[in-house]
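One chain is shown next in structure tokens, namely the form predicted on its own.
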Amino acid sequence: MSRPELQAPPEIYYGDTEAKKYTNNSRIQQVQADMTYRALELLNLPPDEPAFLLDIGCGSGLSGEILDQEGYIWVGVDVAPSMLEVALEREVEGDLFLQDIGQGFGFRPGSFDGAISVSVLQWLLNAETSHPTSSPPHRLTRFFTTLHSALKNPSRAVFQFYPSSDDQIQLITSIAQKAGFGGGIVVDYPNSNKAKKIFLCLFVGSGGSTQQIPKGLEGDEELDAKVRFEQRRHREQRRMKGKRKPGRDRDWILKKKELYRKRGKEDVPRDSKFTGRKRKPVF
């Protein structure tokens, strides 16, 4: 079967049907979660500190859910309207933007503490028209140059992607370096055709060109996945220990209503003095 990025542009390939099919697929959900956790590990953010992250190619918000669970505030960009519509239906917490990343970003310089991207970067490697601005080198240059500007100094950006050749990897890394990034390629499970995953780990500032690139994972992928799952579970238990689980009180409801209004959602109930009050049991 042909790779998705060779069949149609992402905004067309991920129409209403494909967007919902992708989001509801349990295997895709698990793979997306695993790769998001791995991207966060490579991002190497300071523990127990808030961070403002950019999710590039956020789709329907599967990665965003992991960012929420880890306590991060995030903004997501995607070129497929149907994917963003599903994200809105799922009530994801991040702010969403319809954006062709090949045209570059317009964020204020130094806005983000880091960026992640899962299964997206390869979509920039195909020219959709014969115009020079549609060529992969041009789009990659716009993408990496404006991303570099949008990230704080120091920070990192981590991309999991599916290149089809070593030439594509070389093209991507060379253009990222010309845009000012340090870093390089991290390969997990390089000897496994099934489990092999490729990440581009980029550094901004503070000796980015001399920072050591993280090592890829090796060994038994299934056993390693179980160990890493337990580590994440224990970390989450420690993080939540002593914290009261947030309830749907008045402030929470008002915040959600305001978010819906900003996003243009219709039929949002009006606020009242009864908003968020618990109902008394009726016997």
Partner chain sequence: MVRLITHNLLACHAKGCTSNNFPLRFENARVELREAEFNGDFLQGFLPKIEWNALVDTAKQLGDTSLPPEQPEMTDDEFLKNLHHVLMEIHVEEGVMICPNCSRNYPISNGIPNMLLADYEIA
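It should be emphasised that the depicted structure is a prediction, and the values quoted were computed from it without experimental measurement. Numbering follows the first chain given and starts at 1.
As for the form predicted together with the partner chain, it is not shown, yet the points below apply to it.
- Taking the partner from elsewhere, every residue among L96, D100 and R142 has a non-hydrogen atom within 4.5 angstroms of the partner chain in the model of the complex.
- Taking L121, L200, I175, V79 one by one, only a single residue has any non-hydrogen atom within 4.5 Å of the partner chain in the model of the complex, and it is V79.
- The partner is absent here; in the model of the complex, the one residue of S165, Q212, T129, N191 having a heavy atom within 4.5 Å of the partner chain is T129.
- In summary, the region of this chain contacting the partner chain in the model of the complex, judged by heavy atoms within 4.5 Å and restricted to 167-175, 67-75, 154-162, 183-191, corresponds to 67-75.
- Not displayed here, the partner chain is approached by S111 to within 4.5 Å at the level of heavy atoms in the model of the complex.
- Residue contact with the partner chain in the model of the complex: P50 places a heavy atom within 4.5 Å of it.
- For the chain shown alone, L88 is a contact residue for the partner chain in the model of the complex, at least one non-hydrogen atom being within 4.5 angstroms.
- The partner chain in the model of the complex is not approached by K196, whose heavy atoms all lie more than 4.5 angstroms from it.
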